[in-house]
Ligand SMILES: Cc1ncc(CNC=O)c(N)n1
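So this first bit is one chain, no partners, the form predicted alone, shown in structure tokens.
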């Protein structure tokens, strides 16, 4: 296995779970216009809670990028992602009022709590930089791939959901994900066999958490 292509190699190896995460029935239902809007409201409330927990995780990635990467551009890439999270939280608040979702009353469901505990564990200083960057890429990339799919030719995405799809499915976010992936791949090139095994495991676990999160949104 060429180390520089580690992530693509793993995505091929774990294609079924990657497809389950990026072409989930919930996402497909948005694209084909059959989405149950109560499921979307569930997703909105749960994802708002998740994003608030995602902020400290990204902050920890930013600190690691500043201290450990050896490349000043890493910090700038992560900082860009950090800045967009401020806009994202404001977007959620606007959507919450639009969809009549009171975030103060939303209780995190099991899949959400488990995903957030997983993030917390990744924030440990014992987790290698290459592993945390692989996880960071995967978390962002699933949303980029999923929501971009809802904007592709032939979509019947309901007009009131196109804003959500553009938030993560736009070209700027795609380029950002590509920059994060390049950082992860660069780190994995020089990683030990142990770190490679950990990064692969974490990648698969992110995908599994994403699948569970979509399932939860559908009431599963």
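Numbering follows the first chain given and starts at 1. Bear in mind that the values here come from a model prediction, so they are computed numbers and not experimental data.
Missing here is the form predicted together with the named molecule; even so, the following discussion is about that form.
Visitor: So in the predicted complex, is the named molecule close enough to residue 113 to count as touching (4.5 Å, heavy atoms)?
Guide: Heavy-atom contact with the named molecule at 4.5 Å: absent for residue 113.
Visitor: Using a 4.5 angstroms cut-off on non-hydrogen atoms, would residue 132 count as touching the named molecule in the predicted complex?
Guide: Because no heavy atom of residue 132 falls inside 4.5 Å of the named molecule in the predicted complex, the answer is no.
Visitor: Even though the partner isn't displayed, in the predicted complex is residue 120 close enough to the named molecule, meaning a heavy atom within 4.5 Å?
Guide: Flag for residue 120 set to no.
Visitor: Can any non-hydrogen atom of residue 101 be found within 4.5 angstroms of the named molecule in the predicted complex?
Guide: Answer no; every heavy atom of residue 101 is more than 4.5 Å from the named molecule in the predicted complex.
Visitor: Select, from the options 187-195, 50-58, 152-160, 34-42, the stretch whose residues sit within 4.5 angstroms of the named molecule in the predicted complex by heavy atom distance.
Guide: Stretch with heavy atoms near the partner: 50-58.
Visitor: Which residues from 152-188 come close to the named molecule in the predicted complex, meaning a heavy atom within 4.5 Å?
Guide: The stretch touches the partner through 168 alone.
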